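Shown below, as structure tokens, is a lone chain in the form predicted alone; questions about how it binds or moves come after it.
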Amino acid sequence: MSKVTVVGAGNVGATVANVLAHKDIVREVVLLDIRGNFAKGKALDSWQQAPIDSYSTRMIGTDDYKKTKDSDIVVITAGVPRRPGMSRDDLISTNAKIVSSVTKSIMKYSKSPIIIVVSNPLDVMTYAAHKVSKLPANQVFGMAGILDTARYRAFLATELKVSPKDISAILMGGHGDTMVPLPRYTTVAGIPVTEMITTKKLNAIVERTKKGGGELVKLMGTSAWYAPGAAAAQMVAAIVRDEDRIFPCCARLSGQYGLRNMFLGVPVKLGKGGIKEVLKLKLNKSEMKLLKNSADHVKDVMKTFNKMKVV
């Protein structure tokens, strides 16, 4: 069974570790945080939950990267969370340094891990982790699309009064206000969503999805954690079980959709070894225009990161 390290024992990281433990598919989860006792406490709490919820996954809390040795998968959640009035782009200076430092430390003790980035601004933090780790692109990718799609599906389920289990959807583009929901690829038990909801209501849901993270920040004063944590754990499960799941993930593009040398949310096949394939959807002109607009926004943030010369 696999060994998974989760870096960052805050709300998101602790949720990733706890959800993963409940899936009972890995031997060990290392929860690492600069606040060592905090990580140890979270890990101990989760282990004491094991007899109640019937799982065997051991969780270790630490601030020592040596304990991450030979990790198969690493989930990076470390960084400063978004606060009211703060855009994801505002986070770049602090979080770029954190993600780069974490990646360097991880690579000291694990030769070829799969790295899943959750830290914001997501697309550029994934780019940073890839640049620092020097790992193949299929082994470094970001969690964003699964979360964004889940929000979209949840909003639709509420409006349509149906189970979110029956809603299939895909989103593309950057993780933020320029993301690209695709109603044309959205179905409810195989029925096109456009046959079940008015265009006006669907557009309102699309706009709410784009600002889904900001809505939660306004309500709670900090970023979300249950859904992001569960989304990252779902990605880990797909890799460990070699499920070949089709998920929207932040992946490196090498010509797909006319884009290259950047990380952007696209549908991928996820299984053993990481990303097995980047899928190419037949986008129409309007959808392609939105995707290019989103890509341009991500490129601007990449320029800011490159000027910082963190790597």
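Numbering starts at 1 and runs along the sequence shown. Fair warning: this is a prediction, and the values are worked out from it, not measured in the lab.
Form predicted together with a small molecule: not shown, discussed below.
- At the 4.5 Å threshold, heavy atoms of residue 280 stay clear of the small molecule in the model of the complex, well away from it.
- Although the partner is absent from this view, residue 27 stays clear of the small molecule in the model of the complex, with no non-hydrogen atom inside 4.5 angstroms.
- Within 4.5 Å of some heavy atom of the small molecule in the model of the complex lies at least one heavy atom of residue 223.
- Using a 4.5 angstroms limit between non-hydrogen atoms, residue 164 is distant from the small molecule in the model of the complex.
- A heavy atom within 4.5 Å of the small molecule in the model of the complex is found for exactly one of 272, 260, 66, 35: 35.
- This chain lacks the partner; the member of 77, 71, 149, 126 within 4.5 angstroms of the small molecule in the model of the complex by a non-hydrogen atom is 77.
- Stretch-level contact check against the small molecule in the model of the complex with heavy atoms at 4.5 Å: of 108-116, 231-239, 94-102, 180-188, the positive one is 94-102.
- Judged against the small molecule in the model of the complex with a 4.5 angstroms heavy atom cut-off, the residues 176, 294 and 301 are out of contact without exception.
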